[in-house]
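Both blocks below hold the same protein chain, though in two forms, and each is given as structure tokens: structure 1 and structure 2.
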Structure 1
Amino acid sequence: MHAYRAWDPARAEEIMGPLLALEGPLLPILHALQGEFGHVPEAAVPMVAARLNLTRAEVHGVVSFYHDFRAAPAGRHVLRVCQAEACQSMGATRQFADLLAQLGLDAGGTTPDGRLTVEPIYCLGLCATAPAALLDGEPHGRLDAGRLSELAAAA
């Protein structure tokens, strides 16, 4: 699990500093900000835009285009359950739906205590040990309904 920092503009500047020299620095910057703050805060957009000589609309357009960038922090743990074809062939659709029902969540939702976010993902390259999921970045395969619930409960 990750302990994310609260938004801190000075820290954001510090993070951006060394990345500005990269060729095409925007995505590395957004990843780094999300790594630190758990999301890309709205307040970061004008800062990034100013440093890269872009308009706010341009930066916002990029942030919103990519599925990975979050507008609000996720739960303390994130369970990303594969819903692509190979995992579907092993029952992943049903397992995911059942898990969400069990937790009373919609796809992408977070438990009320902020403990766990459950979201779909489309292929982890673990398709020969399907169904698969990532829990806080750690891979899990050959899941069945029981093991998936255990993962969700253990987090």
Structure 2
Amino acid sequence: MHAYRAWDPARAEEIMGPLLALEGPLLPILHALQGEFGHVPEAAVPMVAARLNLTRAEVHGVVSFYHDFRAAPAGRHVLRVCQAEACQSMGATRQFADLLAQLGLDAGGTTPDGRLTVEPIYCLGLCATAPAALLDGEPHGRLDAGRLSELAAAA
């Protein structure tokens, strides 16, 4: 379970300060901001761009390219269901679609109560136990539709 701060530009500047000296600081800064605020707020994009002498488009491109970055806070729990080839071959695509339908969500969506975010992920390295998922970073393998629903309900 996560407790994130509300967006605070002064706090964002504090977070960025020591990271600016790194070689290639963009990713560490974005990870640190997301760690603090639960996502990379839209207001952070021009701030980061200005500090790194990048365009807003460049920063936005990185945020939108990497699946780990969020534009909005995740739920209190995050269920990531593998969609890579080994898991697909064992039914993960159908299980994922069925779970999303059951919860009334789109991929990456969060339940209305803010309890659970369900996301696709592309390869957990758990191919021998496909289909697999992560619930709050904890791996679960050999899932079937029932076990996947149980994971979602338990979150």
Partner chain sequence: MKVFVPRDAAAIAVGAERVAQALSRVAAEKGIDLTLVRTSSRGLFWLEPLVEVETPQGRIGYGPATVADAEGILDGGAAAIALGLVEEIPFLKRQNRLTFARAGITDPLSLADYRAHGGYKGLERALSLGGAGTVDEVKRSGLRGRGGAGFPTGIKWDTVARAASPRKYIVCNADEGDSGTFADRMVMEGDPFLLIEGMTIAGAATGATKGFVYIRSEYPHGIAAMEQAIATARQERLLGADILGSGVSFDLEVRVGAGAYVCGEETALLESIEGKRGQVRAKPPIPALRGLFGQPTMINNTLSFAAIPFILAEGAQAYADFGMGRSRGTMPVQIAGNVKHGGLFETGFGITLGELVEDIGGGTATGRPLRAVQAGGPLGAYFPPSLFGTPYDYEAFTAAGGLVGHGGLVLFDDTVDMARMARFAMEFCALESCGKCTPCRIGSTRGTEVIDRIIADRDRAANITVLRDLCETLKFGSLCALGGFTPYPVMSALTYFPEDFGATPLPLAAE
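Each form is matched to the other, and the largest set of C-alpha atoms that superpose within 1.5 Å is called the rigid core. Treat the numbers as computed from the prediction; the structure is a model and nothing was measured. Residue indices: 1-based, along structure 1.
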{"item": "Number assigned to the form predicted together with its partner chain in this pair", "value": "1"}
{"item": "Core-aligned C-alpha movement of Val62 between structure 1 and structure 2 reaching 2 Å", "value": "yes"}
{"item": "Threshold 2 Å Cα movement between structure 1 and structure 2 at Arg11, rigid core reference", "value": "yes"}
